[in-house]
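Here we start with a single chain on its own, the form predicted alone, put down as structure tokens.
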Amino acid sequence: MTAPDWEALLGRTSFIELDARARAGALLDDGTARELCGPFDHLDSPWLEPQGVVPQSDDGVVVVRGRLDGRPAVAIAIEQAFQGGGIGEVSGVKIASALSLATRDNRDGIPTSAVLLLESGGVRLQEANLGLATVAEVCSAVLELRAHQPVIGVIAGALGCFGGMSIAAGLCTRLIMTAEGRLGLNGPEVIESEAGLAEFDASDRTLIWSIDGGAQRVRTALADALVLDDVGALRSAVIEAVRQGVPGEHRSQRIGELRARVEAVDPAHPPEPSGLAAPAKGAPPEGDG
């Protein structure tokens, strides 16, 4: 085993340790970032305070317009420290509206891409159906924009991306993760509470990351790139993902391939996580197309 380069490790700037506002700004070109609908606009949720929850003036979502590699872009970051990154009516509308404005720019001849920094446990329980409705709007806005310019998803922190926002992640043009990140439709605690400890032990961190972790999601082709927790590395990966442009076919459109992989798993005899790696490119399973 190669010895770690401690100087490189100690010299890097952790992306995970930044808050949402700093993460969004760190990805954009220096001096170009301009926040839209920031905390001084007081767009907080009207539903939290009546339920005994202190609201936040940006409702946990930061929208920053700027340039990425010299090109117009919008970075949208979910604040993981507020309500576990939960999406409510206001925060969801901020995301969907920012994506829709980027689509309008593209139609007006301004090629604007988007970066979604996804740290979310899903819809806030306090806002229930309102949150679900706005997540649907977010997904619709992602589909609309990705036809024009790349929508790049980034899942960096250990909170991960679950619930409705994991669907939005799956719709992104490309998805970038760190080894610390997690991705799943249902979180481990939800699975354990609904199906029992035998189905998923939410206290087993090794098990969780072997299934939901960034390395496994890249191996199973549900994410595209595994990147070091470093601001420079993540920015470079995002720039490269945008440069690749809009693919001829998005991952979410490869229904035959995805269905074949699900059907290959026998629920009565589930494989070990190490046995779930996606087949090599160039050899699509039967039923693809």
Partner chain sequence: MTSRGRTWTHALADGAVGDAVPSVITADGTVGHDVARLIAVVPDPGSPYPRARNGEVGLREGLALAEAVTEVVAGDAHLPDDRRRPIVAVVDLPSQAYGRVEEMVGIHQALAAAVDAYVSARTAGHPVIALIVGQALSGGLLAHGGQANQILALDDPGVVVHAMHKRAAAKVTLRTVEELDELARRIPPLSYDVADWARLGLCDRLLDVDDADDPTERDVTTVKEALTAAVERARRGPRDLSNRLDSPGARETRVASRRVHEALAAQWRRVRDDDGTAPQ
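Keep in mind it's a predicted model, so treat the numbers as computed, not measured. Residue numbers count along the first chain shown, from 1.
Missing here is the form predicted together with the partner chain; even so, the following discussion is about that form.
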Options 240 to 248, 227 to 235, 22 to 30, 48 to 56; stretch whose heavy atom lies within 4.5 Å of the partner chain in the model of the complex: 48 to 56
Just to confirm, residue 11 within 4.5 Å of the partner chain in the model of the complex by heavy atoms? no
Hey, in the model of the complex, is residue 218 touching the partner chain, heavy atoms inside 4.5 Å? no
Just checking whether residue 209 would be counted as a contact of the partner chain in the model of the complex - the rule being heavy atoms within 4.5 angstroms. no
Partner contact for residue 127 in the model of the complex: the partner chain, 4.5 angstroms, heavy atom: yes
Heavy atom contacts to the partner chain in the model of the complex at 4.5 Å, residues of 83 to 113 in sequence order: 89, 90, 93, 94, 97, 98, 101, 102, 104, 105, 108, 110, 112
